[in-house]
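First, one chain by itself: the form predicted on its own, in structure tokens.
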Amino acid sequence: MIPDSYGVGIGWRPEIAGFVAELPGLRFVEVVAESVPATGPAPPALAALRDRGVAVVPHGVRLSLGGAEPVEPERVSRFARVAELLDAPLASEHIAFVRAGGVEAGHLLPLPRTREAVDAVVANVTRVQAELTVPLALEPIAALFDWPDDELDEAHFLNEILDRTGALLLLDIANVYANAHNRGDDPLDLLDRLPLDRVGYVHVAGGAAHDGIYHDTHTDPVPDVVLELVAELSARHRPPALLLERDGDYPPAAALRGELDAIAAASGHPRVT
């Protein structure tokens, strides 16, 4: 688990590598695992961060942990090698599927919240954990729809997966807001039913509403309602680390610094800017 002192971090992307390198108080970053050459060496910018004591966490997007088929062994081995290459304190992936029957979706797709789906996720997570030498954190995704045959609500679904695997929770607070908004639920109800002491770290990202549907875009500023949820979460159990996710339409450096400062203020962690 990321130590409490790691505080506020940012998703490392080549487009903002210079900005990230100049953050004086930075203690951790996250990188898309599939973007790192598994045979090494680590990209120079990431190696420089690691050498100055910044933890680098690989975040997988292609394992398809929720797929009905077993995770592909070569993908699991590559994921584990990247975690070792980066000397990561933990690694993370999504509770989702990205392929079925050999067809690639190109997106993270939600699972039906059924006991059969729980079994599939648990089996695949167990396979990944067998190769990893560090803890694995699981991220529930933002879903634009629910399957009609759901048997479990989201809290029950997630708790069963976490309990059976012993995995940590990567809680994306923007996804919590998006799902609650789109389902007409209260996001605090979910926070009150999740094992917040199992949170490895937290994602904070921006989004936008279109035609009444909130989209988790990662290309818009973090809205106030998401920052308010960060404060609510931190009042219940302050997470050990929070990470700003931005995947495009990068704003000027001053705006990124402002978002990092806002996350620090909402969570009670020190500023890193």
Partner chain sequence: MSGGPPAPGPIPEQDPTERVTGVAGTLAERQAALVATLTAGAPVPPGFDARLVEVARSALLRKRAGDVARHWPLLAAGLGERWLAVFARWAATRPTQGSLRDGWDLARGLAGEGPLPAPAAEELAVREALWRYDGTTAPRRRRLPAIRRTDGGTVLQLAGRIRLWSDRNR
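Note that the coordinates shown come from a computational prediction; the quantities given were computed from them, not determined experimentally. Positions refer to the first chain, counted from 1.
Omitted from view is the form predicted in complex with its partner chain, to which the following refers.
State the residue from 87, 186, 74, 153 whose non-hydrogen atoms include one within 4.5 Å of its partner chain in the model of the complex.
Looking at 87, 186, 74, 153 one by one, just 153 meets the 4.5 Å heavy-atom criterion.
Given that its partner chain is left out here, which of 162, 120, 196, 134 has a heavy atom within 4.5 Å of it in the model of the complex?
Comparing distances to its partner chain in the model of the complex, the residue within 4.5 Å is 120.
Which of 168-176, 74-82, 198-206, 138-146 has heavy atoms within 4.5 Å of its partner chain in the model of the complex?
The contacting stretch here is 138-146.
At the 4.5 Å heavy atom threshold, is residue 111 in contact with its partner chain in the model of the complex?
Yes, residue 111 sits close enough to its partner chain in the model of the complex that at least one of its heavy atoms falls within 4.5 Å.
Residue-level question: is residue 130 within 4.5 Å of its partner chain in the model of the complex, judged on heavy atoms?
Contact with its partner chain, no.
Looking in the model of the complex, any heavy atom of residue 58 within 4.5 Å of its partner chain?
Flag for residue 58 set to no.
Is it the case that residue 239, even though its partner is missing from this view, gets within 4.5 Å of its partner chain in the model of the complex, heavy atoms only?
Although its partner chain is absent here, residue 239 would stay clear of it in the model of the complex, with no heavy atoms inside 4.5 Å.
What I'd like checked is whether 107, 116 and 213 together line its partner chain in the model of the complex, meaning each has a non-hydrogen atom within 4.5 Å of it.
Yes, because 107, 116 and 213 each have a heavy atom that approaches its partner chain to within 4.5 Å in the model of the complex.
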